[in-house]
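Just one chain follows, in the form predicted on its own, and it is written as structure tokens.
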């Protein structure tokens, strides 16, 4: 392989929110020339569409009935990841508190997970140089054959501090409670729960700076590529 291009490498990065997953995944993809996919944004996008179209979020059958309707397109450039629903740019509206509070309920519906997982697999398969895919069930459910699986963790306190730094004016304690609640919902759902794959490398980011986490993951990917 010395003179040819490097083998495409598929990297799955899972873990709960506030562990530095998005920042790490984007930076690693940019540094190594890989595509990047934020799967959480896709679940937020379908949730945004459900809210915008007045679908009853409390009714899984109502959600399931329309799960195939919205056309979700993810741009995979790590320097400028984009997401549209039916041609509308939803990068900003999917980050609102309203969507955040409803995404776990929508994501738990099996038809939604099947639809979005299929979309994720097709994007990963089309990434010529390889891709970093971040989410909660990538290594376990979406891409169980990923070349490298990484599971990022951090203490609830560290995650809440980072998260409230991102959410302007958020109260750290309220953020911590919300994160713990979200973890419980995501870990206990029947379909593709948040879980660490048996063959995933766990990286605890509590005491690490973002730069250290990125360096650690880049090294893991490079070792994987070299060993191919």
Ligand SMILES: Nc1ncnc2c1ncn2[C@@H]1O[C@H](COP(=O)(O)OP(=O)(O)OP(=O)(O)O)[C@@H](O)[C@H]1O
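Positions refer to the first chain, counted from 1. Nothing here was measured: the structure is a model prediction, and the numbers come from that model.
Not on display, but discussed next: the form predicted in complex with the named molecule.
Contact check for residue 217: no non-hydrogen atom falls within 4.5 Å of the named molecule in the model of the complex. Although the partner is absent here, residue 10 lies well away from the named molecule in the model of the complex, with no heavy atom inside 4.5 Å. Using a 4.5 angstroms limit between non-hydrogen atoms, residue 149 is distant from the named molecule in the model of the complex. Residue 56 falls outside the set of residues with a heavy atom inside 4.5 Å of the named molecule in the model of the complex. Of the candidate stretches 195-203, 58-66, 27-35, 158-166, only 158-166 has residues whose heavy atoms lie within 4.5 Å of the named molecule in the model of the complex. Shown here without the named molecule, the chain has no residue in 67-83 lying with a heavy atom within 4.5 Å of that partner in the model of the complex.
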